[in-house]
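Two forms of a single protein chain come next, each set out by itself as structure tokens; they are called structure 1 and structure 2.
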Structure 1
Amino acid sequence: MSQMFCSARSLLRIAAAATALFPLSVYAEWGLNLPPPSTSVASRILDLHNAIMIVCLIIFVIVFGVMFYSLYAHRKSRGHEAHQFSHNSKLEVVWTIIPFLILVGLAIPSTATLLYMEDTTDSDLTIKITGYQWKWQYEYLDHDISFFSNLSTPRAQIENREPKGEHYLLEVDKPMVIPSNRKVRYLITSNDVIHAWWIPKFGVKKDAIPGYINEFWANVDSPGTYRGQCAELCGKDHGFMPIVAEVLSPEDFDAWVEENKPKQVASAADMTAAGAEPAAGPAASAEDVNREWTMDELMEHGKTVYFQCIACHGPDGNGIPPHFPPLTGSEITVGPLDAHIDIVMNGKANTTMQAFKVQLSDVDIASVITYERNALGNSVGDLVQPSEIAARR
């Protein structure tokens, strides 16, 4: 009886170990192929991939079939003796020509697919993509629309204070919006380090390189939401740089364009009339820029904008010295206000501190500066109005 219980315990231990090594939940996402294609480029890549895999399988079966047959049929136990030879010219010619023909046969469809992927002519829409640490900027060159797309996963989920959402680290505040069944040409570059724009179902992955413009195209078959992320190790928070594409029907996309046409800000118009060229930045309504904001309003909005600064300066403003300086008690956040505004708007050369005047609106900049000077352990009491930022542009 004791032996039976020992055997049962051993079986339970083996089962527990197997479950730990191979949890059943793994099989829910288990797959061997590329994701279902949503563009003609992705379809061609998948077809080419499958064709090459079939060729590899045939070669595998032939080569190992001959090898195992030779080992079995000519084994020593059946009286066969090993032959001694140095070379066989005919065999060498054959096993050189056959791989050459196979490679040529694979090169023809591969080249055709590559040429198809690079053909950006006759596009219906052009979007410029610029990579930043750690966000994407989308500029619709045909419609004068521009905005930044930032990670929107709550910090509480990242810090394990809340359960992970369905699209954890793959959700943004403003997705890229494109039409279905239209050829969209993309121009991609970077403002700082090398990034890579990648949506698996589109069948595209292109590097964003500072000072260089790459291009690619995609024609999405049907409306829906498609997700990807930066596929290049671009820094400390590389994993917090998602891509979301919202694909609409052509009619809905045209309506979206009408709704998102840039609005002229009064202060910018005044600057232009005076002969100054205002720096480009996300549009904000003239009413929001020119009205007087209260401290509570600026602090509440500034806390939301500060989410973009957390990667370097931390949620509590402690930073990661010496590379990412703290904001708590720093000479910038508690020192002269002009210096604080200048570094947020224009950045600092030869550091990771970017110029946010092209990334944030006047309201965003005013509120985040107000927040940094009156939160994160600081209590300077300064209040910056959006109209002040607009005047500085």
Structure 2
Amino acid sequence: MSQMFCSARSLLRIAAAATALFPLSVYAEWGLNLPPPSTSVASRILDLHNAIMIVCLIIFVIVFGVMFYSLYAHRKSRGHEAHQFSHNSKLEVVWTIIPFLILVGLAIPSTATLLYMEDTTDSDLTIKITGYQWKWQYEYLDHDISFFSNLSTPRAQIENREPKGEHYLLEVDKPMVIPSNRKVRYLITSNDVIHAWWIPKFGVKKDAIPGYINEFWANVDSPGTYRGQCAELCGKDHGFMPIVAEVLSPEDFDAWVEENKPKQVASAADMTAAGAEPAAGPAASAEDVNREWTMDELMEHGKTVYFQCIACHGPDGNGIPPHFPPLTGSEITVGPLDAHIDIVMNGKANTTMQAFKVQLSDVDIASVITYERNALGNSVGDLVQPSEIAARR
């Protein structure tokens, strides 16, 4: 008896030690069900989910109630003799028909919800989402706004060198901004492999597939920040491409649109030049592109832009051969400048190296190329001016 207490006490001690080791209370959310819905779609799904849950639980309890009663009452050790029956047609018909009727009962509300979800008509705003390895692009088709959204959690947190923040892996540099109480229609596609866009509280999940444009809609009840993740395995950094939606009141959203609209009205000549390729890259001001940059300025800016390259080429330029080649001492980074500019601007076919001319401004591209040639263990000594990049667009 005392031994039992002893072991119980030592168990408690182990449990206490374990708790100290993993401070559970820091994180504890212990969510057992779908998160609280913030769209009408999500709340219909939650109702449906709860209803099926209850039906399943009732069936489960009845069936296994019978089984456990039988295990208790019809035991050989209780002297129960086996009754040698093996058929009962009436019973068999009944337990085929009843489940069928239950299924019909479940199918009706499911069908109604699905019809509701698939109706993308009468939307107030359309946003095109494009999945890239491993980031999202948002294009506001009605407002001519377009930007990329990258993971903003520092590598140091991922590699356990710094404590993890509250929104670890669920934070981005530029969130998607949408108005509340407006039906927003989303068109979704991909630039490379299949991704899936998902915010649990919106109740929508849709695959981003190259060559396809899928659509879905969401109408968010109230302003706030909503988080989700890519839900389809898309390669190495699948776990590192979060989705953040910043929901503003309709008035705030209009103000945001005004602020972020392209400032300069493009001349007719520019429009023709851009042609069918509207994505000429994020704009840097003409002044910045045309002035002469010093080596120090380019290097300083390049270091911040290089953050986007770390996922594949590593913080020190070592890469992860063979799919993600090193930049330190590579043919590209210490070889002819021309090839280096070409690969950064146009990407490399059938690899994860993307055409960054659509993602980065002239200043960004010039800076990052200069940085790659004169840091990461390289010291070529040359530099690229943003104007040269502009000339090659």
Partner chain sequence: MSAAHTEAHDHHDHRPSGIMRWLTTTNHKDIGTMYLIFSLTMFFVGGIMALAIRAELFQPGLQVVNPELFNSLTTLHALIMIFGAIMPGFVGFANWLIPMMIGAPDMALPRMNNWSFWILPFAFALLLGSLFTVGGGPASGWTLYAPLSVQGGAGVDMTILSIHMMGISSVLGAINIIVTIMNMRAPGMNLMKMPLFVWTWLITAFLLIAAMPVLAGAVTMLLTDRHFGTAFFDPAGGGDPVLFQHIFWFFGHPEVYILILPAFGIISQIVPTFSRKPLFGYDSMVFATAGIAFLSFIVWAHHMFTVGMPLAGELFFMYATMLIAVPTGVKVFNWVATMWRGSITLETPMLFALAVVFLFTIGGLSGLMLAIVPADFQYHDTYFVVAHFHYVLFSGSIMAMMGATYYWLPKWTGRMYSEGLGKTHFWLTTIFFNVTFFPQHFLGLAGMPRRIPDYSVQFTEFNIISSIGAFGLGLAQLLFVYIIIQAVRGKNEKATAQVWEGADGLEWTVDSPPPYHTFETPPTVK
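One-based numbering along structure 1's sequence throughout. Worth saying up front: this structure is predicted, and the values here are computed from it rather than measured. The term rigid core refers to the most C-alpha atoms you can superpose between the two forms while keeping them within 1.5 Å.
Q: If I had to pick the form predicted in complex with its partner chain out of these two, would it be 1 or 2?
A: Structure 2.
Q: After the core is overlaid between structures 1 and 2, has the C-alpha of Ser70 moved by 2 angstroms or more?
A: Shift at Ser70: 2 Å or more after core fit.
Q: After superposition on the rigid core, does the Cα atom of Gly211 shift by at least 2 Å between structures 1 and 2?
A: No, the C-alpha moves less than 2 Å.
Q: Report, in Å with one decimal, the C-alpha displacement of His80 between structures 1 and 2 after core superposition.
A: Displacement of the C-alpha, rigid core superposed: 5.8 Å.
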